[in-house]
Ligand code: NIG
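In the form predicted on its own, a lone chain appears below as structure tokens.
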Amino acid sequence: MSLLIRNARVLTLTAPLKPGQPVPGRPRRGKELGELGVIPQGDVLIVDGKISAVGPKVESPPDAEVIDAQGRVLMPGFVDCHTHICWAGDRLGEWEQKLKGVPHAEILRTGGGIQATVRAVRDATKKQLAAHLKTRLDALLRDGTTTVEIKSGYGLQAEEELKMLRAIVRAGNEWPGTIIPTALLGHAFEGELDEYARMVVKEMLPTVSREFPAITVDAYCEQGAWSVEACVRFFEKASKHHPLRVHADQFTSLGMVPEAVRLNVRSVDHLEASTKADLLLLAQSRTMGVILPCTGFHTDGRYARGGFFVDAGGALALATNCNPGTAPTHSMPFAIALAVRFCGLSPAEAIAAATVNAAAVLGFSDRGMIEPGQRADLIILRHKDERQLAYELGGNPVDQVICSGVLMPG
């Protein structure tokens, strides 16, 4: 099957490799993040789900379906590299309490917060979790997200975490895009932290590893959640078989960033409370930074210093953090708009952080760019200027979605 898109403003996201740089698929750093590789008026040919040719003029095969973009922006599909979109229940009552000024500690004391979602997830079946997730995945796709990472973390027991991971895989098998499950085994805890963390290392991690041997594992380092010491013990054990990621510095700088760099963690996510010294250290390391501005918008108005990190040469990605408590949105365009307004990114930097660099966080080198051989996950915007992605608030800027070479229904 062939599909030819003509007369598009093509954001290839390809950046010329400089001497000594590795093969394509590496994350963009510093000033490279603003290089969108624009073809002002170009064509893209897709054959059998992959990009076959890109250029100002591409010959059409006889059997090709042709789409005339009429000057609109054609770009890679969004890659949402940090979400918690597998959940049950809702947190609407809790949100209303917050609007009335009820302190967070009081909400937690009366059973709110993550524990409320934990109870709802435990009460749900795998089939129910998968059905809820599939509905959310379909909404993501309509808004241009073609690859999404999905964390467990609301089970807090081995069998419940496995139920979540199985539901994620089940929903992903029925979705045309790509899902990447992550085992968030260090999210919250029950009882006393040290005892719970030992259980995770000795029982939960081996149980998950047997069924998901190469899955990335994650932990949430924060006051009231996992300590630096608990995260380090967990990661030192998990790193023998699993890639690592960590939530850190959302509210408090506890010292997890230097440990993450030492442990060669794939990414440190949040960074709202990170010190400049830690951001500089992270920027000079192989570990990527992931900012989540939708969280600051919904919670406390705090945002990571993404522009500072990029100017320091860091490899930055952008994600929604979609979850029922602190970021109830699946919209990558909204995340881009917030990152430009509050995190110091240019529109071009935010677009690259939401595509090619987000793909790099998940270990993909076959998406996030428009060049021959790449998976044909593409979106056509309503707009002829990509800066509208950051300028416009609300609504869906995506006109058409092409997933693995197939034009999705409108």
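Quick note: we count residues from 1 along the sequence shown, nothing fancier. Everything quoted here is computed from the prediction, not taken from an experiment.
Just so you know, the form predicted together with the ligand exists too; it's not on screen, but the next bit is about it.
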Thinking of the ligand in the predicted bound form, which stretch from 260-268, 228-236, 246-254, 142-150 has heavy atoms inside 4.5 Å of it? 246-254
Does Pro181 make contact with the ligand in the predicted bound form, using a 4.5 Å heavy atom cut-off? no
Any of the heavy atoms of Tyr220 lying within 4.5 Å of the ligand in the predicted bound form? yes
Interface membership of Ile114, the ligand in the predicted bound form, 4.5 Å heavy atom rule: yes
Is Tyr154 part of the interface with the ligand in the predicted bound form - any heavy atom within 4.5 Å? yes
Contacting member of His298, Arg72, His187, His132, with respect to the ligand in the predicted bound form [4.5 Å, heavy atom]: His187
Exactly one of Thr216, Thr287, Asn321, Ser274 comes within 4.5 Å of the ligand in the predicted bound form through a heavy atom, and that residue is Asn321
